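This document starts with one chain, in the form predicted on its own, laid out as C-alpha cells.
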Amino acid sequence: MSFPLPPAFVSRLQHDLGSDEALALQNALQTNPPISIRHNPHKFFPNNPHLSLTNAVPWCDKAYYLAQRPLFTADPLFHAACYYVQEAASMFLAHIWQQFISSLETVCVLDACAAPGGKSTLLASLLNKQSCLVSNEVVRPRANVLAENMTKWGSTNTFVTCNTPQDLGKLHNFFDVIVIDAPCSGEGMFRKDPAAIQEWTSQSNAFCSQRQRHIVADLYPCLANNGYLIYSTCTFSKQENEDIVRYLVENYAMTCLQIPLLPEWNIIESQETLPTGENIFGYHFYPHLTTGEGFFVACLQKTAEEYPTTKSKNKNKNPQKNTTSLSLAQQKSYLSNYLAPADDFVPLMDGDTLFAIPQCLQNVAQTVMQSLYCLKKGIEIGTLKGKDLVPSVGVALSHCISPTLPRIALSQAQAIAYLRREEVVLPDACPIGWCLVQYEGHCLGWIKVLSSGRCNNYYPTHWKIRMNIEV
C-alpha cells in the first residue's frame, strides 16, 4: 500500500519530531495496519479456529494481535461478542484504569464519544457489578451501532444514550470517571482509513481543537470532585492534544497525572511545566515505535467541587416508568424466568417493553432515564405482543441469562444461516416454543420452534448478515 501524505502534514511532523523520526513515521504509515482483538471476559473461548493469535497486547489483559485479518463476519463468535476488534493503542485505557481506579471501587462512568463501542466494551469489562457505565454518542445512526455492540457485549450495568455534551454537563458531579475520545483530524488513522487523508486540510487541526475545547468545557461540570477525566485522540497534532490538556489545567480545577510506563512499550511521554509550576503530561503512540495506530492520551483529576450535585447516590428510587397491563408480579415472574440470579434485578416497563435494572443501580438508572435520551438501559427482557412476551435478543446475549432455558446447538453453517435471518434446519426432537440458539456454547439469539418442526427466526433484522458467505 502507498499513498501520498499532505505536504503540510509532513512539514508539521518534521517540525515536531525532527527529520529522522518524521520519515520513520511516514514510512510506517505506508505499511499495513496491525489487527488486534480483545476477549470478552464473560464469554471467553479457549480456541477459535478462525483466529490466529500471535502476541499479547502488553498494556491490556486478554488482548492479542492477529497474524492476519480474518473475515470476522463469517465467525459466529464475533456476532456473539466473544471478542471485539479494537485498535491496540486505544486499549491503553485498561492500563490507566488499573493505575488510578480500584477494581473494588463503585464508580459511575461516562464514555462521552463512545461509538462504535471499543472503549465502552473495554470499560464494561473493567467495571465491577455495582458500578455503572453510560455510553453516549450524539449522532443517532452511530448511537444505534453503539447500542448494538453494547447489547451484544452482554453487560447488565450499562446504558446507551444519544445526547449532546451540554445535556450531559447538566448532571453536575454525576460521573466519577469521564472518558472523552474526542472527534479529531484522524491523522493517526491515515493508513487504516486513507479517505481521512482526503478530508485533512491545514485548517483541520485548528477546527478540531476548537470543537474539542467546547466538548471538554461542556462535560467538565458533570465530573465529580476527585474524579478522573481521560482525554484521547487518534491524531498527532499538539493543537488537539497537549494544547487541550493545558487548556483544562489552566482554566479549570484540574491536575494532570503522570502515567507509569514500561520502557519496552516505546510510548513517548511529553512533559511541559506551566508558569504555575504544574506539569502537563501526554502520551503518544507512534506507529513506527508501537504496534498500533497513532494515538494520544492524557489523564487528569478534578480537584474542586464547584456545582451542586445532581444526585444522591444513596437515595433509593424505583425506576418504574409507565403503567401497563403487565402487573408488577408478572414482571418479576418474567425476570425469574429469564435471569439468574433474578433477585439482583428490578423490573422496568417502558411502554410495552420490559427491562431489568440491577438492584444496586436503581437511583442511577432513575437519574439517567429522566435526564437523558436512552437507547439501551440495563437488560431488555422482551416486548408484549398481545398476552405474550416476545423475548429480546438483549437478554439472550446477556451475562445473566438463566441456565435452565432450552438451548439448541448450531453448526457454523446453521449459525451463519441464523445470522442471515434465514430459516434454520433443526435437528429432530427440539423443544417446542422459545429456544436459545448457540454456537460453541455461546448464545446468538432466539428462535421459536413450531409443532410442525419448523422454526421462526427472531434474530433482529437490522443486525443480520447481508454478505454472501460460503461455509
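Not measured: the values here are computed from a predicted model. Residues carry their position along the shown sequence, with the first being 1.
The form predicted together with a small molecule exists for this protein as well; it is not shown, and the discussion that follows is about that form.
Only one of 242, 75, 181, 176 comes within 4.5 Å of the small molecule in the model of the complex through a heavy atom, and that residue is 181. Between the small molecule and the residues 288, 246, 211, 332, the one pair within 4.5 Å by heavy atoms in the model of the complex involves 211. Listed stretches are 377 to 385, 194 to 202, 114 to 122, 358 to 366; the contact stretch with the small molecule in the model of the complex is 114 to 122, by a heavy atom cutoff of 4.5 Å. Though the partner is left out of this view, residue 293 does not reach within 4.5 Å of the small molecule in the model of the complex, counting heavy atoms only.
Using a 4.5 angstroms threshold between heavy atoms, residue 137 counts as touching the small molecule in the model of the complex. By the criterion of a heavy atom within 4.5 Å, residue 142 is counted among the residues contacting the small molecule in the model of the complex. The shortest heavy atom separation between residue 215 and the small molecule in the model of the complex is within 4.5 Å.
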